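One chain comes next, on its own, written as structure tokens: the form predicted on its own.
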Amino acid sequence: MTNLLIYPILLPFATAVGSLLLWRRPALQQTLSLIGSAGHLAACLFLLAAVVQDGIQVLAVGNWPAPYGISLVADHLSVLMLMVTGILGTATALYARGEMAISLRSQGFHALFQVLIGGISGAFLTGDLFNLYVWFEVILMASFGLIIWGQGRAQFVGAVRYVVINLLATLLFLLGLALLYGLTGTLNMAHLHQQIMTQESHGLVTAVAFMFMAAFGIKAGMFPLFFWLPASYHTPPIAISALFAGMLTKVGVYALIRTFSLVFLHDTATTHAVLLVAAGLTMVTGVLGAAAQNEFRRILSFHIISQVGYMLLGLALWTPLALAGAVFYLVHHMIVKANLFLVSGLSRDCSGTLELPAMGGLYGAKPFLAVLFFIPAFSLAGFPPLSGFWAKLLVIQSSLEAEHYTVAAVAVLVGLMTVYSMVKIWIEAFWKPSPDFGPDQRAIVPSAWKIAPVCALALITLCIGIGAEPVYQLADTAARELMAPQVYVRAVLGGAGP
């Protein structure tokens, strides 16, 4: 059963190689990419079933035992993230089939796309920090290639900002790795959990922890390190920006949750207090930035930041309910945010623009599109019984139980401001009369390739909201594993370690 861990990584890279071999056959490239994405989703679901049935799965690559060899580890948090990765990978591959011309799709898009999916899967499954760094670099290279797709000036500007700030994160990550290895002699996360607890220089370990917090915070879009995100996520084609919005910042959030629930537990009073302040400021700055925008994807980009704050809040509170809320929020937000970006693409097809003042009349002209927008938008805002309501409820309830009333009030106010942004898009794009098209605006009819994944993701959002109990049970199990890291350590090391 442990061999299942290799397939979510192996299948995307094999598909990428196959796509390169079919360089001159774009139609076959497209078919292979769709088959590879569906196969990746199936592999993730099989691994999810194995973890639910048998507990944490560990694969020692090359039969080198931990902490000396490379370990792949799948617990409930990992497999939930993988499952959503598979869903979003398949959905965006379908959407890209309808969005991009064959000439563009044949120019390496599928290879980069599959490498990105493989890199994200590797980051979720790795059991040591050095390989997490390697997977981050794979993600960075593939995402840079995708973000400049189409070669527009705005894309190059956004890509430069994206790469420069992520290189800073890489530098901080590498420095942190060097210091941590010098202190402990290991980078295996399970082994680090044991070694750090025996360190006498807690102040130095805390300083290293803050380096990791900054590095992962940049990738997550945490305050004050988020400024690169709204400058870049609105520039590439819709399918690419949807995948970025759903996945990339969540890899950073996942890394923060993993390291600050497994590795850096020596001084939670300090580290988690800083995370608590950062979470509140991330929520506030993100939602205020969104309120000031008048372009569909820019509003959504700023709301990525504000919603990351809720996830960080669950980690910072450090209770089982708060962590369950953070995991539930991750699952909900990845699906909803990617779907909103896809809906923005359909709206652009129907109106010819993404500038809200130039949009209008979509409710009367395309009522089905209005429904497809309403479901993820008001789930993001936290309307019951949609998935966002339960996610916000868990986080806010845990804040109240921990007697952090100020941050609970901030979470509620940010939710109300999110409602304002979604209502703003609704009024401008859907409700108000349609303005006359300008000379550069051209409406087209969205294809079934674009509509189908939007419908599927909206249906998943409804299912998570109406049938929240199974997802909550998985999130609660993941939270309890995170709160009891010795379970993870035993699964990876067995009798190894001090």
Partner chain sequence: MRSVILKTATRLVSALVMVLAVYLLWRGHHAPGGGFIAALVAATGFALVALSEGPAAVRQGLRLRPSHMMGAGLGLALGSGVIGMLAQRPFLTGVWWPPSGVVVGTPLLFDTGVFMVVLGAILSVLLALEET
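Keep in mind the model is a prediction, meaning the values are calculated, not measured. Residue numbers count along the first chain shown, from 1.
One more form of this protein should be noted, the form predicted in complex with the partner chain, which is absent from this view; the next part is about it.
Engineer: Does the partner chain get within 4.5 angstroms of any non-hydrogen atom of Leu459 in the predicted bound form?
Structural biologist: No, Leu459 stays farther than 4.5 Å from the partner chain in the predicted bound form.
Engineer: If you check in the predicted bound form, is Ala49 within 4.5 Å of the partner chain, heavy atoms only?
Structural biologist: Flag for Ala49 set to no.
Engineer: Within 4.5 Å, heavy atoms only: does Val61 come near the partner chain in the predicted bound form?
Structural biologist: Residue-level check for Val61: yes, a contact with the partner chain.
Engineer: Does the 4.5 Å heavy atom contact test between Val487 and the partner chain in the predicted bound form come out positive?
Structural biologist: Close contact is absent here: in the predicted bound form, Val487 is far from the partner chain, nothing within 4.5 Å, heavy atoms only.
Engineer: Listed by sequence position, which residues of 16-36 have a non-hydrogen atom within 4.5 angstroms of the partner chain in the predicted bound form?
Structural biologist: Going through 16-36 in order - heavy atoms within 4.5 Å of the partner chain in the predicted bound form - the hits are Val17, Leu20, Leu21, Trp23, Arg24.
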